[in-house]
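Have a look below at one chain only, the form predicted on its own, in structure tokens format.
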Amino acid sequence: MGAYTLECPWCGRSITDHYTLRCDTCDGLIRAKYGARQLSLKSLPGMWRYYDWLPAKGYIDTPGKPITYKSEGLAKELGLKDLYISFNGYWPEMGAHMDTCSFKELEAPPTIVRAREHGGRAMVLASAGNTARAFAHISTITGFPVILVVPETGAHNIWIPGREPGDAIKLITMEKGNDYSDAIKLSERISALNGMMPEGGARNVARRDGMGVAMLDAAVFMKRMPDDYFQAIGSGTGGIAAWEAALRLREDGRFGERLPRLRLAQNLPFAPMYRAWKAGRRDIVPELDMPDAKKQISEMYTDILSNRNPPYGIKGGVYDALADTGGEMYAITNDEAIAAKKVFEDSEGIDILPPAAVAVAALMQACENGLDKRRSVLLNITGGGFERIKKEKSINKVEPCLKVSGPDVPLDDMLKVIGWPALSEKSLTL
């Protein structure tokens, strides 16, 4: 059985675990503290190999996990001596079977297991696309009900690989003009209802420690932590997860003492964390860092990397992760991301999703600006293999059960359409 407790490292409190998401004293990000100080690999499927450092007492038989390998093609292209790639997606020859083609598939299994262990009857979450797809996939496998709130522009991202969507998935789309932050607002209203469980976003230890598996897998493969870690971010939760995983690896004592330098990238023109960080500010100032935010988001190459309320300045958030690791942020234009996508695909032989292309562009920019080519670098390809999986498996779209005009719509009629509370009562038999 997995052994963990919850604690707030910012005020030192031990936290009673009722699927708790907040520290009532300081509002910092709660962390899971595991009984296993050193990581011991388990003979379990997929990401559950790292069960010792996942906040769940059970597991789901899912094959998805990151695949770490040493690059030859891109490394040669960029002149890097020690470039490693964490590939999160579908690439059978490499043993990559993350069928939703996104590392969000690392978040969903431990989050759903933990929710069920804490009496959850249904989960509500907002997403710009990839997260909702991952939770829909795991819902289809487990039967655990999920209510997904997604902007209409991201609805095409909600599909199930290789099987028909399960009846437990309820997809609510929001009309054009709404973005991810609007979806979050509506999902929070729904999750406040009795019996609904909020997915929790960055505050959920299961989400962060699930994504942290990418860093664990790389360190195990490399037999050390990398010097630099590149990733594209929207909310920044994946960057926080990499930092927290690295802290545990340092405490383990077998993977090095120096934390990887986080090098996180946003997609212009919407880059509030980049602007705040470059200005030396802990807090995002909307008028300065994201003026006319919705227009900026509409002009992005990949609006999946957008969040108007990211966990940046919160204790334990992106700012602290960057400060603790001596990190850096990058702003990537659409043209830079598109060009980087082609460079990666030509040199490595697998297609990647647009958010991953932003990370590749950041690595290319760093190399152009003097990154020491002898450093050990880990590049997180957060999504890939979609063009490949379309040729080999059925891609079954999840159809919305309801479209709403905005985050303040009345809930009564919506709940009738999604089948609440019958949905929750059904889930009690799981």
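None of these values were measured; they are calculated from a predicted model. Don't overthink the numbering: it's just position in the shown sequence, from 1.
Form predicted in complex with a small molecule: not shown, discussed below.
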Partner absent here, but in the model of the complex, which of 117 to 125, 228 to 236, 288 to 296, 330 to 338 has residues with a heavy atom within 4.5 Å of the small molecule?
228 to 236
Considering non-hydrogen atoms and a 4.5 Å limit, which listed residue (I304, L262, V213, A271) is close to the small molecule in the model of the complex?
I304
In this chain shown alone, the residue from N204, S102, S86, S139 with a heavy atom within 4.5 Å of the small molecule in the model of the complex is S102
Check P109 for me: does it contact the small molecule in the model of the complex (non-hydrogen atoms, 4.5 angstroms)?
no
Should P66 be classed as touching the small molecule in the model of the complex when contacts are defined as heavy atoms within 4.5 Å?
no
So in the model of the complex, does any heavy atom of S187 sit within 4.5 Å of the small molecule?
no
How about P355: is it within 4.5 Å of the small molecule in the model of the complex, going by heavy atoms?
yes
